[in-house]
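To begin, one chain is listed below as structure tokens, in the form predicted on its own.
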């Protein structure tokens, strides 16, 4: 068990380094500091002096990878790569265009993002699995048929429709909850009820249909027929055997959601005015704040790799045979 976890952890290190190098190449080789300066200052009528000043203020006037004139270790450390890429591993994200410390902004905005994403994740997982089990239990009946029709219909509707429709119906017409905004503490609940509800409804169709397919596939296997032949009740077969053996593909799908627990939902936070990391990223993209975007890309990569590692570990709990792989 310990050896398996150690191997998976060691595999993650070169992946993270590779992602960091790729991110650096995209930001500083494909999109050079001169291009960043022109985008910030305006493509038209921008002078070379203004570009040089913009680069010097942000540390982009140094060599990219190797500073030949420098002495000693500064040949490597006094470069854009070390300052803007290597330091990310130490959680040194630098400052945004408005001179705010990016790490402090991330730490401040993580709370609202988690307050929104965690309930959506947990409630959605329970609701989707419950409905999928019910549809599989009543397979080939009208309940299963209309359940599939409902899932397909909900999958075909854009998430923007749920957001705008929910704001108009529940907030503007019925005045049950605020249409947007956020407050800390207990008062945050009234601002999060509608976004959480919309988040669960928006993912209901695709997730429920996916889980139903997994359950039906497991129900057709030999061990399920053997359990039925032993006289076990259908409910026992569903919960003790089918659900347990379908957890591995379910866990694989769940890992994709882990980065959003911290980074937040880009669209939902923007529409509901929640000051989380999702809206922070959207604002940075609109403002062409490359330091913030680069930091959020790195954090998203780290969280995704951590999610994959946690998924591998959870596999060993669900299926002990994985430990021997």
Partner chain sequence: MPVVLATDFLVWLLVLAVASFAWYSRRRAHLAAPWARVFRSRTAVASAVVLACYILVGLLDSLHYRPALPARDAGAPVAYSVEARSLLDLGLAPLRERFEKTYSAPLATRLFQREQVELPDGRTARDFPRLRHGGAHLEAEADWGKDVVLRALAGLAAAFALWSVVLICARRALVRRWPNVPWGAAAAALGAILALAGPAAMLADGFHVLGTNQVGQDVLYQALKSIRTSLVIGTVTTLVLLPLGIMAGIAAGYFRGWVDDVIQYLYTTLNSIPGVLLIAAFVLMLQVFLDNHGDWFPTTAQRADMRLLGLCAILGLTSWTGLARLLRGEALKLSELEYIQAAHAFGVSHARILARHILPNVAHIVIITLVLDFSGLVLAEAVLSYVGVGVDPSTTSFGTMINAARLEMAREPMVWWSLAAAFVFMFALVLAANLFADAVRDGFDPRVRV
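Just so you know, these numbers come straight off a predicted model, no measurement behind them. Numbering follows the first chain given and starts at 1.
What comes next is about the form predicted together with its partner chain, which is not displayed.
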Check: Of the residues 247, 106, 227, 155, which one places a heavy atom within 4.5 Å of its partner chain in the predicted bound form?
Finding: 155
Note to self: Exactly one residue in 261, 70, 64, 267 has a non-hydrogen atom within 4.5 Å of its partner chain in the predicted bound form; which is it?
What the structure shows: 267
Note to self: Quick check on residue 161: any heavy atom within 4.5 Å of its partner chain in the predicted bound form?
What the structure shows: yes
Notebook entry, point to check: Is there a heavy atom of residue 300 no more than 4.5 Å from a heavy atom of its partner chain in the predicted bound form?
Noted result: yes
Margin query: My question is simply whether residue 47 lines the interface with its partner chain in the predicted bound form - judged by any non-hydrogen atom within 4.5 Å.
Written below: no
Item checked: 4.5 Å heavy atom contact, residue 293 and its partner chain in the predicted bound form -> yes
Next item on the list: Tell me whether 167, 271 and 282, taken together, all sit within 4.5 Å of its partner chain in the predicted bound form, counting heavy atoms only.
Entry: yes
Notebook entry, point to check: So which bits of 186 to 216 sit within 4.5 Å of its partner chain in the predicted bound form, heavy atoms only?
Noted result: 209
